[in-house]
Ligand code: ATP
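Only one chain is included here, represented as structure tokens and corresponding to the form predicted alone.
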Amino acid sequence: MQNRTMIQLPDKVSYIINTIMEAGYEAYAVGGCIRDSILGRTPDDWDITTSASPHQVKALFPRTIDTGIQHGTVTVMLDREGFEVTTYRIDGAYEDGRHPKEVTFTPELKEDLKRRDFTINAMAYNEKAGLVDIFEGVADLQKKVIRCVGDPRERFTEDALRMMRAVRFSAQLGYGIEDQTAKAIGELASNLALISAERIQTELIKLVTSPHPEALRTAYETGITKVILPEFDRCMETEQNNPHHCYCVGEHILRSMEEIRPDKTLRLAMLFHDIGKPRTLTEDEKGIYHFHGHPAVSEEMTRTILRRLKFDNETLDYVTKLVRYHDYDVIPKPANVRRAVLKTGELIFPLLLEVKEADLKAQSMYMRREKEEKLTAVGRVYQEILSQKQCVSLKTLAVTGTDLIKEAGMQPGREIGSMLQKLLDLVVEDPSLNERAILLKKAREIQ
């Protein structure tokens, strides 16, 4: 199907398409860039598909990179900007649920579009032919539905990661998943075990940082999390039965993710902050559930999960610290807040306040006003500490280890670090002590 939908192609994309077409071949912008353009969004990148072979494309442009030439892809470089140009292809059999055994180039655009995952990603466009929408992607955009091209079982058997992509697109766009597509995910979700941790991680990040992180519920309902995040399934099946909560652990997690800004570290912290609750559940004589020690258990589980999913060390460090301290009680008094900043870390503490707020908003209304007032007070004290530039770390302490050696007569060694920590503890209690002369005097007295 073709129609006269107008899409404004970037000049460089137009130039590449027109250059290929003037040489006698077909060429279109294709995939996500067309979907985003129809939705009025700015595409992150522009992919081009063509009837020309990779070698024919290379002959038309002075600078190209063989990005994936065995699969038909070359990158055309224009002014240091790269554009992927891929020959129409038919994928061969998928033997591992990830990659086709071989690809066959084809002169037919329709054959190329047939192998794509979802109808909304299977549209092509050039300025001469207009929009090519064989599989009714525009209609699905209008219906706000994610639907596979052709038989969803075939698409998901070809590449199991497409099941996660379906949920991720649902989360990013706020769309539902078409019934047969959802049914096929439920039947084939176990195939996600074939997918590398790195690819799973990429999709999970896109899902949790989307406008609808609660779509992780769909991943649970279709059996995806049973494979990629079984710890979350236990949370969805664990009631809280406590006046502070009105949802099961999993629903509380989902709602807390909705309540925090779409930052990767913060959303992951909310996803994992209570992940250890099922392991720590106890019931008192009144039938009330308790989860004593769950922050420490959640921290250890989070570390294990993030390593399993091949997250980088910085993300692992930040997220585990936020999980560890999410339930840490901070009294809204200057000395207590300074100690909290010292304990959690200067970079972590402001993020922790956001985590605590989101956690609170996902709880019951029991004592809600008191909790909110306390957290607001902590934030206010913290801002005063910042505005007064009060010392909460060694880097802003008025003395250094060198000062202690030269001025206080201390010998180099481990004692220097211990003394600096003692002086920092004094300053955290009383900021007025953070002066070089005072601290050197204190150091001499403590020795």
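The first residue of the shown sequence is 1; numbering continues from there. In this text, all values refer to a predicted model and were calculated from it rather than measured experimentally.
Keep in mind that the form predicted together with ligand ATP is missing from the display, and what follows is about it.
Undergrad: Going by heavy atoms within 4.5 Å, which of 385-393, 41-49, 59-67, 405-413 lines up against ligand ATP in the predicted bound form?
TA: After filtering at 4.5 Å, what remains is 41-49.
Undergrad: Of the options 147, 168, 277, 267, which one has a non-hydrogen atom that comes within 4.5 Å of ligand ATP in the predicted bound form?
TA: That would be 168.
Undergrad: Report yes if any heavy atom of residue 231 sits within 4.5 Å of a heavy atom of ligand ATP in the predicted bound form; otherwise report no.
TA: Outside the cut-off, so no.
Undergrad: Heavy atom to heavy atom, is residue 133 within 4.5 Å of ligand ATP in the predicted bound form?
TA: Output for residue 133 is no: heavy atoms all beyond 4.5 Å of ligand ATP.
Undergrad: Using a 4.5 angstroms cut-off on non-hydrogen atoms, would residue 159 count as touching ligand ATP in the predicted bound form?
TA: Residue 159: yes, in contact with ligand ATP in the predicted bound form.
Undergrad: Please check if residue 117 has a heavy atom lying within 4.5 Å of any heavy atom of ligand ATP in the predicted bound form.
TA: Because a heavy atom of residue 117 falls inside 4.5 Å of ligand ATP in the predicted bound form, the answer is yes.
Undergrad: Go through 193-221 residue by residue and record those having a heavy atom within 4.5 Å of ligand ATP in the predicted bound form; state none if no residue qualifies.
TA: Those in contact are 199, 206.
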